[in-house]
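The chain below stands alone and is given as structure tokens, in the form predicted on its own.
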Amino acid sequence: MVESTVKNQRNLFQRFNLEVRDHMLAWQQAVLIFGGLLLGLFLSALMLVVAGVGVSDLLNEFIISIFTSSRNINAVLLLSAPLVIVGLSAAIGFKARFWNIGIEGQVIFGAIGATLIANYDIGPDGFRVLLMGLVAALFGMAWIALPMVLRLKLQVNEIISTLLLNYIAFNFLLHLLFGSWKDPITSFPNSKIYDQFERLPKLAGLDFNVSILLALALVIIFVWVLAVSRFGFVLKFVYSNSKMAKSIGINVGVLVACAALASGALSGIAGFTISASIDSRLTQSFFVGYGFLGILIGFLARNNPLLVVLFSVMMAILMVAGQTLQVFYQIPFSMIQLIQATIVICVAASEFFIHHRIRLVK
């Protein structure tokens, strides 16, 4: 009886063949990804309903409350800006097959660079915030330079080196905030509050600041680089087959170095936008979640800058609605993380079916 059951199961599985797809049209890929996203959202809603949140409450918190409240819309836009930038940071690195897992450390050092300018009043007041952004980009580039050199010269895996540098950056941040950069007024382990001219200004008549315009400008630059510039064309070649690109004379090392430095600069700018627009100072936990979400957004968007914007807004909505669910419905933060993981798994599954198909053998 047992042998017969096992044999029937084997026969059932043998009727399905896993095949590699040669090609899938762009609209078909979009349908699969969108379907995976909808499935992830459905499963997430189902988990919240099981946890005790009513269906009407879900509709209110995720749709009605988000899109009808100007306060919530402003919160989503404010959170979307740094998410777009870290998503672009991950995408540009991934495009060159440089797996930058240390976005968090570069975000920290970008904010440290910006705060350095603010704390020591470097530069004229009118250009202070611009100088803070430039220095933040340079600090982000500096923090990714070592993993880049180790990868190109010694073939050290950048996943490990960038990840370990996150811990060094975090402990250096604590050293500053519990030491010389401690708030002189409150003695709390935060930097002093930035002066008004050291913060990103608000748009006229609106509650959110120019960080969203900065993020959109970077998206436009990213689109131009990938779609129009020669660098973007060669980068696509390297992404498709780096060995072939190297064999025909393309300097893959220089291309990877440029992409890695651009990734670090974008992460540094993201740190600057968080500290200069959301917190208005350097804090111990300003960076939490942005590194992971940047990698997640880059992966979900498949390194497409326009999709980076879409998924960044979606993650921002989840963050804003998640805070409401934690406060008013006592949903633990771990449940919010589970929702994010569920969405990732479903979209990753759709990515699998873009490149593979299951055929029934008659």
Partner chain sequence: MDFFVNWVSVVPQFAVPFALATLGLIICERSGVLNLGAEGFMLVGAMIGAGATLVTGSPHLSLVLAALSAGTLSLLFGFLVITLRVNQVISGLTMVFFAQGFTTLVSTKMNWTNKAFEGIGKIDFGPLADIPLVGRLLFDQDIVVYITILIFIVVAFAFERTEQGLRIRAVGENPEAADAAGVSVVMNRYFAVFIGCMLVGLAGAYMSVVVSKIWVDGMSGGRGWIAIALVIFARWRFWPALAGAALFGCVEALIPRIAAVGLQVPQYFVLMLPYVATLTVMVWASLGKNSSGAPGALGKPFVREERN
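The structure presented is a predicted model; accordingly, all values stated were derived computationally and were not measured. Numbering follows the first chain given and starts at 1.
There is also a form predicted together with the partner chain; it is not shown, and the following applies to it.
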Which of 112 to 120, 190 to 198, 81 to 89, 169 to 177 sits within 4.5 Å of the partner chain in the model of the complex, heavy atom basis: 169 to 177
Non-hydrogen atom contact F292 with the partner chain in the model of the complex at 4.5 angstroms: yes
The partner chain contact in the model of the complex: S161, any heavy atom under 4.5 Å: yes
Contact flag, F286 vs the partner chain in the model of the complex, heavy atom cut 4.5 Å: no
Heavy atom of A51 within 4.5 Å of the partner chain in the model of the complex: yes
Heavy atom within 4.5 Å of the partner chain in the model of the complex - the one residue of L216, L138, V156, V223 that qualifies: V156
Contact check for V20, F94 and L338 against the partner chain in the model of the complex, heavy atom at 4.5 Å: yes
In the model of the complex, residues of 338 to 357 near the partner chain [heavy atom within 4.5 Å]: L338, Q340, A341, T342, V344, I345, A348, A349, F352, H356
